[in-house]
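As structure tokens, one chain now follows by itself in the form predicted on its own.
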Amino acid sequence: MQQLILLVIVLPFASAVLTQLFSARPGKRRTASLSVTVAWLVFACAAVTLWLALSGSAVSEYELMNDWGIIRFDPLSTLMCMVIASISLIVHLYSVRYMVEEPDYARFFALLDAMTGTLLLMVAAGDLITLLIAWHLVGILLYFLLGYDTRSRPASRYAFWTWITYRLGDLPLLLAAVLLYQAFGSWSLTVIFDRIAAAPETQTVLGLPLVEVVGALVALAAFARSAQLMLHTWLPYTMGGPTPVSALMHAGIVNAGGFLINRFAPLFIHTSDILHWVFLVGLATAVFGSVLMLSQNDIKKSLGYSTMGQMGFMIMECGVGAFSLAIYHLIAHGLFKGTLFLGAGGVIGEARKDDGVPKDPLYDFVVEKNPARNRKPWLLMAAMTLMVPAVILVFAHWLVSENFYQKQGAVVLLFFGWVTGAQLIFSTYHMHTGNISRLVSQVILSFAVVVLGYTVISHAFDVFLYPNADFRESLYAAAGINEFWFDTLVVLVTAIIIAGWLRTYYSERNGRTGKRALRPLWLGFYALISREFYISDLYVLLARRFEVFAVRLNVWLRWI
């Protein structure tokens, strides 16, 4: 039964070939029916493989070639196969009617099947060659899917942006594979990880530490694929492709960076400095994407920057050692963001007729930023804002692991959870309601349910993906820093946030918000984010300068 994972990978490729062969026959529905039927079969087979992994089946590998062409059956591959099969099935069903009036209807489904098969091959690859082939093919197929409408110049242009960025992400992974093969003489990931564990101090060219160099290269490849800061410009602009492609890309393809780091987890336990770097890049990306998301007036572009922010959080979780939490994050985000993209067209259509937002006090608060006139006791609300989320988070994590708070990465995640929960309760201070106790109770209950569910499920992911407790501890330990500086930083940042919230409560209670004094700064900041920090403009300028230089060089060398 474990060999079923081979069928999961083969079926989409077979469907792509058959769909293209039958495309010449009349009847669009037949080609779509074939593709959807195979998508259902892939989903069923992936569900069975995941059930086998959950039931405790041993990790196994199937070697199609000598030392490469290895398909790996393990918890990570089966879980990711299930996620990809699920999202692909939803996109297939949605595309049957959505794409029916488009030319080359069968070609779209053939590309969709080929992309599904390639993603499945990537997550199940047990060797570097197979991983590199699948990693490269994802970028090629995405280029054709994003540029599906060949009549659209913007779609072709931004599809090319994506292709270039993905090629830049291919190079670090290719170099990492060459260095690993040169050091250990094998393409098999299992063999490589075993030899790294036995000799983590192995050096590469110029006497550099192998694990640090390879870890940095793998992280760079993940950054390019997951739209991290300075490598993100392709993501929010690739909205000219069909909506089903946007859903598949934002729900599955862009998550590949989190998967790649998890696949190389046995290497990252020896690379503390690289994990710190991963955390900082993820944190900057999360803040950058979230800020730009709030400033967009285009719903799909706003969703694009939202995806960038969430990918930043996912990479940041890897940086604090919570590798399994990153997998849970990418699954939850994939299902959520896929639904938003598939429903974006309906939202736009309804908004053109009527915004559908009732003009009530909640609307005044959320949209027009008019707070309620009646205010709750500011000191009581401030105390609830600071204490309630902390109590809920501490209790929830104590239920699943008593030593959870001894891990620095866990403390960082708790800190972000505390800030989020406190901001949620802080928002109720502005809302108008006849029963403040009921409103606050509902907010606290909702937050408690979400935190408990999130904590329990993430702990279950941790145990499933990395059943070895010592290995899990090693991941968190690798992401740690000096205890003195860590404690100092946590106390300092917490004190600043608490002081800021107390001041905000007190100022608003007495009607002194300071908005007039800060208005010029806010206008300048909005002008900056409206131009997206000029990063895209900088890249366009560099591209034009490079083009001019290339033309002059060709003339000088008499190539043209």
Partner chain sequence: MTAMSWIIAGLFLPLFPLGMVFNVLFQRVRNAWLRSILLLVWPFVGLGVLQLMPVNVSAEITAWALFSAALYGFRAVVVRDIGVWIGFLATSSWSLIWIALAGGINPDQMAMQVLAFSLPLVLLVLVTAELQQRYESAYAGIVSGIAQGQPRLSAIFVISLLAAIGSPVFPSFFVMLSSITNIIIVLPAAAFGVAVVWLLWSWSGMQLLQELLVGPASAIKHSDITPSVTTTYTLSLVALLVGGLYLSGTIL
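Residue numbers count along the first chain shown, from 1. Keep in mind the model is a prediction, meaning the values are calculated, not measured.
Heads up, the form predicted in complex with the partner chain isn't pictured, but that's what we're talking about next.
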So, a 4.5 angstroms cut-off on heavy atom distances: do all three of Leu292, Gln296 and Ile481 pass it with respect to the partner chain in the predicted bound form?
no
4.5 angstroms heavy atom contact with the partner chain in the predicted bound form for Arg97
no
With heavy atoms only and a cut-off of 4.5 Å, decide whether Gln3 touches the partner chain in the predicted bound form.
no
With the partner left out here, check for me: in the predicted bound form, does some heavy atom of Phe533 sit within 4.5 Å of the partner chain?
no
Find out whether any non-hydrogen atom of Tyr62 is located within 4.5 angstroms of the partner chain in the predicted bound form, and reply yes or no.
no
Which listed residue (Ala477, Met230, Ala216, Ile129) meets the criterion of a heavy atom within 4.5 Å of the partner chain in the predicted bound form?
Ile129
Between Ala469, Ala460, Ala198, Val205, only one gets a heavy atom within 4.5 angstroms of the partner chain in the predicted bound form; which residue is that?
Val205
Hey, of 307 to 315, 189 to 197, 129 to 137, 326 to 334, which bit sits against the partner chain in the predicted bound form at 4.5 Å between non-hydrogen atoms?
129 to 137
Looking in the predicted bound form, the residues of 147 to 173 with a heavy atom no more than 4.5 Å from the partner chain, listed in order, are Thr150, Arg151, Ser152, Arg153, Ser156, Arg157, Phe160, Trp163, Ile164, Arg167, Leu168, Leu171
